[in-house]
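One chain comes next, on its own, written out as structure tokens in the form predicted on its own.
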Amino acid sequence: MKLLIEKPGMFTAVQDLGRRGFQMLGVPVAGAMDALALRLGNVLVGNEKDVHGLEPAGLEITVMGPSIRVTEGEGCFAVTGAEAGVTKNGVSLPCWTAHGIAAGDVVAFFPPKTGSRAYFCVSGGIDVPVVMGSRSTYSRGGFGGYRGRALKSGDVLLTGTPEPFQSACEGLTCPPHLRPPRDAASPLRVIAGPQDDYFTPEGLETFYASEYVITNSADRMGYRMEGPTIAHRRGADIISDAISMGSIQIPGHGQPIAMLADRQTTGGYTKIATICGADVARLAQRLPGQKVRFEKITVEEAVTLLRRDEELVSELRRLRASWRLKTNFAGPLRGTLKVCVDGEPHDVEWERLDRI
């Protein structure tokens, strides 16, 4: 398909799961802020990993969405993540469902009721050049994605080659129990450290017992928060070391900064804790002015949460396979055909297959 961006929205950019393996060169990972939402969207539209072994790219839509016209081809799309208002040719459509689109259709977005980042996934994925093993946009560095920047009016995007039977995904809906919870009320679960010993007992108690408010300094690089001051034991600076997705730095002023997808690769502020992988997206879906609390968990508990996320993806894949077979391929699942090759008749047994 060929997609014309008629209106770009507030900040819409091409993202996949990020650019890994280059942080030692100072290259940030980038990628989707709510990676699970992107993956589930790709499952809905029938996308599997591409010839490079990469998760197909989609559009990450921040708060105010774009208007997209299909100018060539046909396929299907799904919107996941934030509960955005979505229309096709002016008719409202539900999120978390695969919908068909064809040349002439216009998909438009309205501000989400909940959450801040929605994902527009299309059959075949957004086809932009692979840069350092990823199609993600790193706008601060000006590379990756579509010309290294957020989309503008008049940009034209191509989609990749869709998987077989992609049209059979139309109408498939992700059940509510497979949609990751992104509520803004529950605390973010964190793993202590790696420099939690740099804080006084009172400072640690303040961090875990207090409520912090996301400030206007919140973007893909990190979220700054305001609240009760967290006291250091031996100063706020360390010899710079690696920064992970979800690392929570506490500079000298004692206010938390959560580092996210476009974070720098190293930093010299003490890190009191790291948001577990399963909860990073819950922070990324919150907006300035919303509140944040932190809850300490163990590494083992964090691994269990990640495994649950993987189970969501696997279960939706199984549901997709069942949907294709039962809904779109009614009829016999196997049989025998008579074929003739070089004048010799042959009986050939056949069986319908579907990729999970």
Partner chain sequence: MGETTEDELFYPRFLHAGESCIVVEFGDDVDPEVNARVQALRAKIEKNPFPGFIDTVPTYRSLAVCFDPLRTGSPAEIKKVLAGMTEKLQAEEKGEEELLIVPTCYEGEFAPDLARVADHTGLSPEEVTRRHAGRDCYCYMLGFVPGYPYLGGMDPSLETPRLKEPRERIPGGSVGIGGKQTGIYTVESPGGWNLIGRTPLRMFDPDRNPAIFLNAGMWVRFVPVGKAEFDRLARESVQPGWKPEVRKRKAERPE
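Computed from a prediction, not measured in an experiment: that's the story for all the values here. Residue numbers count along the first chain shown, from 1.
Absent from the display: the form predicted in complex with the partner chain. The rest refers to it.
Shown alone here, Val128 lies farther than 4.5 Å from the partner chain in the model of the complex, counting heavy atoms only. Using a 4.5 angstroms limit between non-hydrogen atoms, His52 is distant from the partner chain in the model of the complex.
Looking at Gly193, you'd find a heavy atom of it within 4.5 angstroms of the partner chain in the model of the complex. Contact annotation: Pro28 falls within 4.5 Å of the partner chain in the model of the complex, judged by heavy atom distances. For the three marked residues, Trp96, Ala185 and Arg317, no heavy atom of any sits within 4.5 Å of the partner chain in the model of the complex. Only one segment in the set 283-291, 300-308, 52-60, 65-73 has any non-hydrogen atom within 4.5 angstroms of the partner chain in the model of the complex, and it is 300-308.
Note on the partner interface in the model of the complex: the residue among Gln264, Ser139, Thr215, Thr206 having a heavy atom within 4.5 angstroms of the partner chain is Gln264. Although the partner chain is not shown here, in the model of the complex the stretch 229-255 places heavy atoms of Arg234, Ile238, Ile239, Ser240, Asp241, Ala242, Ser244 within 4.5 Å of it, in sequence order.
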